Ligand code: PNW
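Starting off, we have a lone chain in the form predicted alone, written out as structure tokens.
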């Protein structure tokens, strides 16, 4: 059984579902630019111009949420819909109205809004100034957050500043996997992470200072964790797996959640050593001042966790210094997945439930019993209505979650199934479908159809258990 106070929800992100990319005063964001100028980078050459058209169909979405019986709905705000130029001098009343209508409708239906302030869609005018490689982004993000708290904070009590900084920084600035696609691994991604962490802390302190006493909400950040299992039982590979966790999760989490603050020690050490060998005058990983370490440390009310899958890690400490810098070289690890693990339509996502339990135990130990909200968990397919593979995934991952709660005393407070709808799945376009509800993207009305998994999830929520639920 799930604890009595445990919350169940589902989630979406603005660019992936809203559409209306250039309507009602919305400005251009990096994913608009990325998909329009480089459609060849998207598997089916698609974009989020219309997506699920949730900008016009949000009422239908709330009906779906109500039928499933979820207690909360996690969605993100489009920065460009609220501030078309990115800067707070010009607020778009239609954007404010849209989110007010959605929030009010959720509350009317007894569904808690869990709001992500930023889910990857930087306003293009700010990206033109360097985006998260520009330290001024911390101020611009704080200005945006203040507008958000002022307009929605009287009703929204659960906030996430950022979704998955690793995907923003490592894949967007370090590689060209995500927008803006800078391909500056080992430099651009470290700059992005440094400024993003400071921006998160600034917004947390803003809320503490100006809004918490009146609004009584909770603020945190959500970080994605792929469990890293040693490729062999050798000491080198076990250390490599732990290093990989430090470089992929601790990078963003330790400055906020670790009792000591700052980046993981092994990360600081290895990047500094390698930078010196490569001829850099200083470490490519920026340093926090002592004052910044203290300012950032403890800026959370819970830990948001996205988890999908597991990898294997191997030590490559003998790697040469030739070639461009990269995070992979800094971490001295390579990762892969066991080909025998059950696959999904997403090349990176294998079904490995035991990795979920291990992830939660590791987090519990590293961050001293921090309360955890699972803010995304799910699996992709081709959009089948009778999606037994997704039901099987949820059964096993929810069972792994219960193992962590009951057998290892991990303090997990909520679970979020990704996603409410089939949607624009970034580089996969509309090929990979994560939704509990099928969306017909050939239908101008974007018809939604509940999948078998939506009914399964409804039963789990109603019974508050997974045993005996078909």
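Positions refer to the first chain, counted from 1. A quick note: this is a predicted structure, and the numbers were derived from the prediction, not measured.
We do not show the form predicted in complex with the ligand, though everything after this point is about it.
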Of 257 to 265, 219 to 227, 241 to 249, 279 to 287, the segment with heavy atoms within 4.5 Å of the ligand in the model of the complex is residues 219 to 227
Among the candidate residues 426, 415, 55, 34, which is the single one with a non-hydrogen atom no more than 4.5 Å from the ligand in the model of the complex? 426
Using a 4.5 Å heavy atom cut-off, which residue among 387, 127, 164, 315 comes into contact with the ligand in the model of the complex? 164
Is it the case that residue 453, even though its partner is missing from this view, gets within 4.5 Å of the ligand in the model of the complex, heavy atoms only? no
I'd like to know whether residue 119 contacts the ligand in the model of the complex, with contact meaning heavy atoms within 4.5 angstroms. yes
Please tell me whether any heavy atom belonging to residue 376 falls inside 4.5 Å of a heavy atom of the ligand, as the geometry stands in the model of the complex. yes
Non-hydrogen atom contact residue 308 with the ligand in the model of the complex at 4.5 angstroms: yes
Residues of stretch 15 to 31 in contact with the ligand in the model of the complex (4.5 Å, non-hydrogen atom): 16
